[in-house]
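Here you get one chain, nothing else, as structure tokens; it is the form predicted alone.
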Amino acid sequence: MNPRLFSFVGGSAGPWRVTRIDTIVGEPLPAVTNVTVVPDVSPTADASWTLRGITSNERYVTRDEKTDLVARQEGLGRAASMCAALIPIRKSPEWWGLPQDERRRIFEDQSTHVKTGLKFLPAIARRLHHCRDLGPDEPFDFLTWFEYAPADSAAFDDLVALLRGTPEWRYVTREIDVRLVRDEA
């Protein structure tokens, strides 16, 4: 078992109930009623879709930004975090053709991605999963999982709107926004 590999399984059962799935750009995902997040699993026959990603090192942050993120972000699984969002993203070949330093300039210098995200911590917790590291057959480059309390839903909408309005988002060719609530057991 790989402790860094996670699967997001969309189907008819699971602890996270889907409240909406919005296709922002590109091909949609099939509709599902529930999502399960599980470590290191292969696709199952009863799933409508399984998206896989692996946690990795922070690729576009400086030491100071990483220190600030670690100090301010709280973990996933907080009792009050009854809301979640799964946002899978694919970026264009033009993005991936840029050297790392140019992607960093767009990511932070122009788009202020990290600086913007810091404004919403610790209310919104997130974990980024890289899909490109798993091979060329993955349908997305990144899967971002967010958790937050219902009272922070408007703040989460503000965060997503700010990020989608940046120069970085010109390179996004597929994005799905899956909103969820945790079903109480």
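Don't overthink the numbering: it's just position in the shown sequence, from 1. Bear in mind that the values here come from a model prediction, so they are computed numbers and not experimental data.
Same protein, other form: the form predicted in complex with a further copy of the same chain, not shown, and the subject of what follows.
Under a 4.5 angstroms non-hydrogen atom cutoff, a further copy of the same chain in the model of the complex lacks N34 among its neighbouring residues.
Shown alone here, L5 lies within 4.5 Å of a further copy of the same chain in the model of the complex, counting heavy atoms only. Within 4.5 Å of some heavy atom of a further copy of the same chain in the model of the complex lies at least one heavy atom of I54. G77 falls outside the set of residues with a heavy atom inside 4.5 Å of a further copy of the same chain in the model of the complex.
Listed stretches are 112-120, 125-133, 25-33, 153-161; the contact stretch with a further copy of the same chain in the model of the complex is 125-133, by a heavy atom cutoff of 4.5 Å. Taking a further copy of the same chain as it sits in the model of the complex, the stretch 86-120 comes within 4.5 angstroms of it through a non-hydrogen atom at W96, G97, L98, P99, Q100, D101, E102, R103.
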